[in-house]
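Next comes just one chain, in structure tokens: the form predicted on its own.
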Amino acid sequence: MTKQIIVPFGPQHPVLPEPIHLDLVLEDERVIDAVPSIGYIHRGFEKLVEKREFTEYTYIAERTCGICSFIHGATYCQAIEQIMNIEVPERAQYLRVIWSEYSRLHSHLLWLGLFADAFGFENLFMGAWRIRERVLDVLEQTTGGRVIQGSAKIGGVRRDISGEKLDAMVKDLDILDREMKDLTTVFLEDESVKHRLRNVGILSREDAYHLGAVGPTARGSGAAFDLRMTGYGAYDRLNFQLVTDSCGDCYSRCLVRAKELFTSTDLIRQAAKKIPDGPIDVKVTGAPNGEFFMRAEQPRGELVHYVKGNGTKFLARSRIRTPTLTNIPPLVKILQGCELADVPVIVLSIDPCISCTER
């Protein structure tokens, strides 16, 4: 009879960018089961609604995560706007799309670099982060912040982008596309990368559905689910095709994110072309009285901001459910039966963001 041992993995590990702990049950070098433990960086964000006015809480929501901060802030604002029946100017809706897609580019390029580092391809890691700098430069030029943008507000956005700058951004996207094409070609066609990712960490479409997988983790298993297709914000006036793959392994999850880079640049081009003139915000008076459950598509999948107002300047409740939280049960399923050496690659393949998960 083979003896089982338990090996702790994380929360600190040379490959992991985020503090997640897993107790791995092993038979020889094969993982039989994985027991996750989270809660190492709880920050009490949701308690702050009692001390910060609902207009100020936008800044708190943005600081949920440094990688996808703008989408957190914009999703929170949309929840408040729904409760208060605020009509957001059309130009502001398009600007939100542009900054959301730049945030997606930033997140996916960061992840591709970390993923390359996980399987030892250092040159690929540096190449991905070099291209990411170009995206961060645009975010800094248009919002004033590289990581925390601070441009989302209830009723619209705080900053505008001139027509000349939008034209320059579109031209820069051509250069960005060429550089990303060279980068993703290595990820998708290099034989050493394929050898490391193919048939590793397989998640079936049925398991993805029943275990609640979202984002590229679900789309890599063939589940055609993306909240941008629901048309919130200005997405209903833009056209794009979902990126999916049916194999469900680490390579498929990498392929989905690599191809979504070009979906994001195309959406930015469309938004820059269609954006109308007009105001970028409306004056907000009163306080929210009611509740709303706002969903949006983060780089990692479905993000939920639940907000409950009581008619005062302080909210009664704010609850955030992040995509990483819903992707942990699928991760446990993926790890069962894998080799110990593949654990870091599999964990990174869901793009875990524990700072998002632990508010």
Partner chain sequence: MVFFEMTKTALKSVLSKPATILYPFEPAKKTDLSRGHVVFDGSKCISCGICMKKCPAQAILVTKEAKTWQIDRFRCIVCNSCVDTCPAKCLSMDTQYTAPVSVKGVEVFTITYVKPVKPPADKAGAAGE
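Positions refer to the first chain, counted from 1. Since the structure is predicted, the reported quantities are computational estimates derived from the model, not experimental observations.
Separately, the form predicted in complex with the partner chain exists; it is not shown, and the next lines address it.
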query: Within 4.5 Å of the partner chain in the predicted complex, all of C77, D245 and E339 (non-hydrogen atom); finding: no
query: In the predicted complex, G144 touching the partner chain (heavy atom, 4.5 Å); finding: yes
query: Partner proximity in the predicted complex: F119 to the partner chain, non-hydrogen atom cutoff 4.5 Å; finding: no
query: Non-hydrogen atom contact L124 with the partner chain in the predicted complex at 4.5 angstroms; finding: yes
query: Heavy atom of I60 within 4.5 Å of the partner chain in the predicted complex; finding: yes
query: Contact segment among 281-289, 156-164, 106-114, 257-265, judged by heavy atoms lying within 4.5 Å of the partner chain in the predicted complex; finding: 156-164
query: Residues from 28-66 in contact with the partner chain (non-hydrogen atom within 4.5 Å) in the predicted complex; finding: R52, E53, T55, E56, Y59, I60, R63
